[in-house]
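Only one chain comes next, encoded as structure tokens, the form predicted alone.
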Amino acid sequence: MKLALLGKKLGMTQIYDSDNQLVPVTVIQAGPCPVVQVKNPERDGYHAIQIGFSPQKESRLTKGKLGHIRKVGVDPVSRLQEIRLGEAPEQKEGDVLNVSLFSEGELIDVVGTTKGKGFQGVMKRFRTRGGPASHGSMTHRRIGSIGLCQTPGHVFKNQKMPGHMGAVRRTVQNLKVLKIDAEKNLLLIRGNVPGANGDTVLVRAAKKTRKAQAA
């Protein structure tokens, strides 16, 4: 059974891998994450653990959240995340999870929120072709015809149109852990992950490793 960690995206850099190839990596500060609550089927109907991340002043937490955290005797944290499990965990309330959950060379999934781009047109949002660039077309970056007159006579559902871009939850799968700094709780992961520097991400064991290894 594999657990997950909350972490903070610190940024990107490059390192040399075992084959002496220069590769881009994302640096994530993963943990430490105290176990704030352990759920079981008898009381809650399912197995899960709730972990915390990012130390916070007591004055900045609500009384309910502060009391919930104090109940297990851990330091106040600003973020809480529930991780659902298929069986009872070995960890107990008050235990601390860190980067020792993962190993170098392991494949992981990273879940985060993409950067928000605000309201955007179809060319930036969906990379559409756009209209003619010259000769007075007046429709250089517009979407063009979407409904026609009689057939079909209406706009289809899920038609790509201008709107809010980004700021959505995304999962990047099968990223390789190239290096672990246990002293500083750092994971160096090959490739990029969603979100801006400083955003909170969830790091978990990869769920589709067979497909990735076959490819």
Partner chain sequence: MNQIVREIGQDQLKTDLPPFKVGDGVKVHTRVREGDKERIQLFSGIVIARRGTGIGETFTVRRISYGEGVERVFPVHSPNIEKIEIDRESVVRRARLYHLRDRIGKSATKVKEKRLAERKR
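Please read all numbers here as calculations on a predicted model, not as lab measurements. Numbering follows the first chain given and starts at 1.
Although it is not shown, the form predicted together with the partner chain is what the next lines describe.
Not displayed here, the partner chain is kept clear of Leu61 by more than 4.5 Å at the level of heavy atoms in the model of the complex. Mapping the unseen interface onto this chain, Gln50 falls outside it, with no heavy atom inside 4.5 Å of the partner chain in the model of the complex. Interface membership of Gln37, defined by any non-hydrogen atom within 4.5 Å of the partner chain in the model of the complex, is ruled out. Contact between Thr13 and the partner chain in the model of the complex is found at the 4.5 Å heavy atom cutoff.
Proximity to the partner chain in the model of the complex, defined as a heavy atom within 4.5 Å, holds among Leu178, Leu186, Met165, Val172 only for Leu186. Exactly one of the stretches 144-152, 65-73, 25-33, 157-165 approaches the partner chain in the model of the complex with heavy atoms within 4.5 Å, and it is 25-33. Scanning 43-81 for heavy atoms within 4.5 Å of the partner chain in the model of the complex gives no residues at all.
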